[in-house]
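In structure tokens, one chain follows: the form predicted on its own.
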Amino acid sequence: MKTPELSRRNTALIRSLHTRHGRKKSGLCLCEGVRAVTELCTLRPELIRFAVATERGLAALGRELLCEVNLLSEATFDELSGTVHSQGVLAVAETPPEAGSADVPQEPFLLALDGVGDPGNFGTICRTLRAAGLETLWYTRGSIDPFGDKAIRAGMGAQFALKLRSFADLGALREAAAELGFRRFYVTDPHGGESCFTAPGLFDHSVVVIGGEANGATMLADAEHVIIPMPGKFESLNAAQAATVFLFEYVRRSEGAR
């Protein structure tokens, strides 16, 4: 159902969802952009509360939104958008519930993020994880909100396909993983460790931790260190680049084993 008006209440709601406090208080999130909204509609249409769009945005989306759609002018939409050059469509959706202890991962290894604070990196990692055919992502609470609007745009809505679970710190994450049989624990370390291309047990009932942009991963006692070889002797890659290397090394090994 299309309507040309957006209530003051919903206008205020959309603006509040650009903040972590607003998302936490309402239990809602913003999904903006053609690709992200398409993913949301495909994966979790039941989560959508309402949408706002321009005529241009609806044409680019190329599908009917089975919810209330507030049709706005370009100028009015741009006032609500979180981007400089908007695509003219956004949806307000319920934030999916976090995975719990009953959600036992089926993958041979777990990717974990420790203090990844950049929404672009977090979202890109979500997208890459899904591209690698995996669905579980664990992270420490020092990381960015996975359902912030910037993270959703970077992930193109991949978050809605994943089982995300947060932990107070890396120690708690490691303990939970061990209880589920993921006992080998690898921490990525730009300063030394076994090569990610030769470590034999890297993806065998293990956890691979990608550290944050500022301080890297927390170094836990008895954790195995693993490194991405860099012949150019550059200090490090960013979190999303590092995750991509590990995830597609997993894909390479999986394809080779078939």
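Heads up: residue numbers just count along the shown sequence, starting at 1. Values in this document were obtained by computation on a predicted structure and should not be read as measured data.
One more form of this protein exists, namely the form predicted together with a further copy of the same chain; it is left out here, but the text below deals with it.
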>> Can you work out which of Arg49, Arg56, His225, Arg35 has a heavy atom no more than 4.5 Å from a further copy of the same chain in the predicted bound form?
In response: Arg35
>> Please tell me whether the candidate spot formed by Gly100, Thr188 and Val207 is one where all three residues come within 4.5 Å of a further copy of the same chain in the predicted bound form (heavy atoms).
In response: no
> Among 129-137, 163-171, 103-111, 67-75, which stretch sits within 4.5 Å of a further copy of the same chain in the predicted bound form, heavy atoms only?
Replying inline: 129-137
>> How about Val92 - does it come within 4.5 Å of a further copy of the same chain in the predicted bound form, if we only consider non-hydrogen atoms?
In response: no
>> Residue-level contact is defined here as any heavy atom of the residue lying within 4.5 Å of a further copy of the same chain in the predicted bound form; does Ala240 satisfy this criterion?
In response: yes
> Is there a heavy atom of Ile144 no more than 4.5 Å from a heavy atom of a further copy of the same chain in the predicted bound form?
Replying inline: no
> Going by a heavy atom distance of 4.5 Å, is Val245 a contact of a further copy of the same chain in the predicted bound form?
Replying inline: yes
>> Under the 4.5 Å heavy atom criterion, name the residues of 180-197 that approach a further copy of the same chain in the predicted bound form, in sequence order.
In response: Phe197
